[in-house]
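Next up is one chain by itself, shown in structure tokens, the form predicted on its own.
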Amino acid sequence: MERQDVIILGGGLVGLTLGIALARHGIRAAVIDPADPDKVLASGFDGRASAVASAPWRMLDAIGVGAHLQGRGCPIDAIRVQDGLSPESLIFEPSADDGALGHMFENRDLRIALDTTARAADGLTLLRPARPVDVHRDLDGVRVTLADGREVEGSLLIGAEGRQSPTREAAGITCARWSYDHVAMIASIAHEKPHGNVAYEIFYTTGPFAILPLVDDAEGRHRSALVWTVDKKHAPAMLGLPDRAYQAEAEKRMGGMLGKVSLISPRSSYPLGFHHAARITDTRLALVGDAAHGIHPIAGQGVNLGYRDVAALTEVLVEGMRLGLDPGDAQLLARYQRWRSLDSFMVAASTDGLTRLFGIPGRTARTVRRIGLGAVQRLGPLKGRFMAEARGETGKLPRLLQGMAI
């Protein structure tokens, strides 16, 4: 029987980050994940890329992950939002003193950096691959039985298994959820012109088209990640296009801004949906990341919402345990619930609203959107609010998101 302070079910980007953050602050944690780490870290396992906003990046740096990501990420120096190929656009460009809005990383690089940091972290136990077959929670503690017969006991259980979290379902926590009837097509491209560290979000009525900057490869090719949203009924035909036709259509969607385009990765896709848990805590249980909320990738905030969960929960637990409280204490979980519920809901509602607003067809709707983009561009305070949201710097900011240890 192993005894831990915290048991984390799920060792993805958010679950592993939480384990590292807790261990760095002297809280014993175990991460249990059924996936074989060698397969997860293999080339080609996950061809996606993630935007890590500036505040979560400070947290990754503070807990030691940043040291393993040096030179891997492309800074996002500006974000350009536009309705179709209209010249009227909204440009988020921070001052030189504020630094980049975030960094783009290939998911594989993030996973390798997290894995390397986690293996070296004192007080962090990695049980991978390991499949939980029985989870018991009560007022006295938590016990997880693994398929090989091992048992792990702790004071608090964390559900970090993603959108289909079995822990959330077992706790009877209801979710508001719906499908957007859209599919996101993912690919990496090389292009003729440099991207200038600018991320583009181009809204079409058929769905947003995002161009996200990546670092140049070893051959000096300029690279970006595409997140191309299409109607679900058109997805099979789009995914089945020959490479030349796919590249030509991508160039057309970009208006030629990056010149000639060539595919440099396999294409993949995933359906888009929304879900938001009615609550993120239960008896000796807390949810983080996609187990708690899943949003449209329209603003690149999905993993960043999870990182905000990590920072808030770590601060709550560290401060509570320093006062002598049990990590599963109901007072601490209530504080985490209060801290994260409004922020996560507001971000989720905003991304959902933007998705629906830019999906309205017709000349009138298009005119209103373009006037709105121009107005936000000219209104400093409102534009600043949007930029702070993109950075992950709204609301009461946990110390880790400020780059400080707790």
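Given the structure is predicted, the values throughout are model-derived calculations rather than measurements. We number the residues from 1 along the sequence you see.
Form predicted together with a small molecule: not shown, discussed below.
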- Item | Candidate spot L9, R48 and V303, all three touching the small molecule in the model of the complex (heavy atom, 4.5 Å) | yes
- Item | is_contact(I32, the small molecule) in the model of the complex, heavy atom dist at most 4.5 Å | yes
- Message: Check P132 for me: does it contact the small molecule in the model of the complex (non-hydrogen atoms, 4.5 angstroms)?
- Response: yes
- Task: Although the small molecule is absent from this view, report whether V14 comes within 4.5 Å of it in the model of the complex, heavy atoms only.
- Result: yes
- Query: Does the small molecule get within 4.5 angstroms of any non-hydrogen atom of R177 in the model of the complex?
  - Reply: no
- Item | Partner-contacting position among A118, M254, A184, V81 - heavy atom within 4.5 Å of the small molecule in the model of the complex | A184
- Query: the small molecule isn't shown here, but in the model of the complex which of G162, P75, G123, G259 has a heavy atom within 4.5 Å of it?
  - Reply: G162
- Any idea which of 244-252, 216-224, 319-327, 154-162 reaches within 4.5 Å of the small molecule in the model of the complex, heavy atoms considered? 154-162
